[in-house]
Ligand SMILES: NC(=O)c1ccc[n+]([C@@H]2O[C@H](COP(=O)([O-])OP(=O)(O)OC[C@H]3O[C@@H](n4cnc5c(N)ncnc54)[C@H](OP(=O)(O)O)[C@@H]3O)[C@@H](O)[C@H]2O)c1
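Next comes just one chain, in structure tokens: the form predicted on its own.
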Amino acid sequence: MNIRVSEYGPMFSRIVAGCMNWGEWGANLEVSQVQKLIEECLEIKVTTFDHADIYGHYTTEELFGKAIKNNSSLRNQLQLITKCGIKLVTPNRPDNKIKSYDISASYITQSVEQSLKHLHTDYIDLLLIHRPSPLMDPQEIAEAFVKLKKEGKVKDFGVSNFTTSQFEMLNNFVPLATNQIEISPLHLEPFLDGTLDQCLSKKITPMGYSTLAGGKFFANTTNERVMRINKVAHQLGEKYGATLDQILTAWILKHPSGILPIIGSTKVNRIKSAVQSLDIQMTNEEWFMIWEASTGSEVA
């Protein structure tokens, strides 16, 4: 099942494969393993892959690109998302003296050219500004976006981690397809701060990262909040014949904005499990059971 991210935006798979941990920052996969994982994702209809230029200290895009190069038929079967704007201090970028943000037109253009080269592709399906900068100039960003789209190098644009006012400001200069945000039963802010309201109002589909709270639900813990959520989720899992991760993913999927969960695992069975969560039709009361477990109190 695919979904259109905005009224005129790209079509993405309902579950997105997050590639941050595929390289040096995680599993450190070989090219052949990356190619196999891509093919396995495509077999289960996960066709959208989320990157950022900084992943793996600027190396993971290249790793993924080598896998695509090994099988040229893959590119037309998948959609590529990448992000830019964060400058990391790393030997791979010796000129970066301090971690900072740069979303000037020249830096956006330079980042896109590097991503195209590393990913071995002629175009990026969706480019996101990774983090808002206090120095961002919406007119300059818009001009860079328009130029890249005209040149056919990027099909659509969006943002990540933007507040509602920041999104509104930039969207006034250039149409944005999505806002990629952190969201989970342990991170409820987007439900309350207007972020998801804005997505519904503008008919855009948000993307969600860390939807399983970075694995906190699966670790041995004495954290009372996590324990409350897990208790309810396990009860619901017994009803639906589902695993803990499937219940928590179904909780994210239920929101009417159509949040696209980004699954950061390098294990295809974990990604397949997320796909299976699409079949769980949680009731409103069950959804609020997890909300109540998270907040520690019933709704007002």
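Don't overthink the numbering: it's just position in the shown sequence, from 1. This one's a predicted model, so the numbers in the text were calculated from it and none came from an experiment.
Omitted here: the form predicted together with the named molecule. The next part is about that form.
*Asks:* In terms of non-hydrogen atoms within 4.5 angstroms, which of the given stretches 156-164, 189-197, 138-146, 110-118 touches the named molecule in the model of the complex?
*Replies:* The contacting stretch here is 156-164.
*Asks:* Check for me whether the named molecule, as it appears in the model of the complex, comes within 4.5 angstroms of all of C19, H130 and K267 - heavy atoms only.
*Replies:* Each of the three qualifies.
*Asks:* With the named molecule left out of view, which of N171, N230, Q180, T205 would have a heavy atom within 4.5 Å of it in the model of the complex?
*Replies:* Only one option qualifies, and that one is Q180.
*Asks:* Looking at V46, I262, I259, L63, which is the one with a non-hydrogen atom within 4.5 Å of the named molecule in the model of the complex?
*Replies:* For this set of options, the contacting one is I262.
*Asks:* Please tell me whether any heavy atom belonging to L212 falls inside 4.5 Å of a heavy atom of the named molecule, as the geometry stands in the model of the complex.
*Replies:* Contact check for L212: yes, within 4.5 Å of the named molecule in the model of the complex.
*Asks:* Indicate whether the named molecule has at least one heavy atom within 4.5 Å of a heavy atom of Y58 in the model of the complex.
*Replies:* Y58: no, not in contact with the named molecule in the model of the complex.
*Asks:* With heavy atoms only and a cut-off of 4.5 Å, decide whether F218 touches the named molecule in the model of the complex.
*Replies:* The answer is yes: F218 has a heavy atom within 4.5 Å of the named molecule.
*Asks:* Flag D245 as yes or no: does it have a non-hydrogen atom within 4.5 angstroms of any non-hydrogen atom of the named molecule in the model of the complex?
*Replies:* Contact with the named molecule, yes.
*Asks:* Could you list which residues of 82-99 come within 4.5 Å of the named molecule in the model of the complex, counting heavy atoms only?
*Replies:* Counting only heavy atoms within 4.5 Å of the named molecule in the model of the complex, the single contacting residue of 82-99 is K83.
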